[in-house]
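This document starts with one chain, in the form predicted alone, laid out as structure tokens.
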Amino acid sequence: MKIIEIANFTSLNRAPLVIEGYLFEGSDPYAPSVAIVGAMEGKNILPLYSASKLVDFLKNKIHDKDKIRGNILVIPSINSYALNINERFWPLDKTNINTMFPGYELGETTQRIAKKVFDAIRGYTYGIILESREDLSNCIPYVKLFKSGFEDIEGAKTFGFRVVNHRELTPVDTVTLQYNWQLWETKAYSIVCPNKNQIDIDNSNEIFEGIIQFLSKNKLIDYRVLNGFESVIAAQEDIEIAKAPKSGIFITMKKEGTYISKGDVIGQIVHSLNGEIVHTFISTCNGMIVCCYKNGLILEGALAFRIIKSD
């Protein structure tokens, strides 16, 4: 294993921002390669943990180093300034590094960070981005792919997650790492992790096992793994959305990852002062809950549940 310096930015009032990558050189010069990017935001705790867990696995758990066939680069954290103070975005100007790619070396700080990172990871066969959901929802881990014309659906299935969300490309997505990686002929995928402040071991294990399965099935490591799920490809029209018609205390009766039937009671909204039930969420379809609102108080119009329809 080699520790390589991706970037080093000085600061006027704190220690330099140093971005490091862990490079595991493969034994087969003809094998594919992969770069894995962890926390780009300050609240990406599960992506950070998943990336660090992978470093430990490759360094300490694969005892025969010849079993690492292709080059594997893991960058656990890019935005340590935000991580250290529990800010979501770059603390100085609140910009999102994942909307700055491919970067610009003479631009703002986050553009220069993106440029340094992109230069280091460009040219890999595969690219994996670990990110958290942006809204106030808990979700099952899944793969996100944009409908860009460059996406690799079959490769996304090899993670063995339950869902691959094949979503429409929006203008802001064209400055993300996934899209720009794909433009430069890297097969890139985003693994979306639950947005939680504490580590959920079950979610963590599912994400870690999905990455190991991907590495094994794509001939990057020689390591026997059990098959995961047969992934469902879900477009926007396959997802049923339930929004809150009223504000109040939100109670979920079915967790993410639960299969439900049409007519099932899946949640309630309770009046926050008098305790009356002001709304009952009843499933309008058969399927599986993939996301549910995570706060105890919900506002009118907030997204309460996402359900992938099975019929």
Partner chain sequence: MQVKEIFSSQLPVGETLSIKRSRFEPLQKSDNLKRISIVSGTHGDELEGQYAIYLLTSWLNENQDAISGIIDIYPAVNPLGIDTITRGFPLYEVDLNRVFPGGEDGFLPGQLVHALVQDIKGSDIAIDIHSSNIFLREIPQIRINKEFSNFTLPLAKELNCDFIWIHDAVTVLEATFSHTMNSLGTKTLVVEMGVGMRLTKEYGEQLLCGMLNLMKKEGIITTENSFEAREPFLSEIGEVFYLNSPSSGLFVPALDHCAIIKKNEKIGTIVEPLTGATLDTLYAPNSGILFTLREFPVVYEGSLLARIFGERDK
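Positions refer to the first chain, counted from 1. Note that the coordinates shown come from a computational prediction; the quantities given were computed from them, not determined experimentally.
Note that the form predicted together with its partner chain isn't included here; everything after this is about it.
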query: Region of this chain that lies against its partner chain in the predicted complex, out of 72 to 80, 236 to 244, 180 to 188, 222 to 230 [heavy atom, 4.5 Å]; finding: 236 to 244
query: Interface membership of Gly26, its partner chain in the predicted complex, 4.5 Å heavy atom rule; finding: no
query: is_contact(Arg112, its partner chain) in the predicted complex, heavy atom dist at most 4.5 Å; finding: yes
query: Residue contact check: Arg88 to its partner chain in the predicted complex, 4.5 Å heavy atom; finding: yes
query: is_contact(Asp93, its partner chain) in the predicted complex, heavy atom dist at most 4.5 Å; finding: yes
query: Answer option from Gly42, Gly248, Gly267, Gly38, heavy atom within 4.5 Å of its partner chain in the predicted complex; finding: Gly248
query: Contacts with its partner chain in the predicted complex, stretch 169 to 193 (heavy atom within 4.5 Å); finding: Pro171, Val172, Thr174, Val175
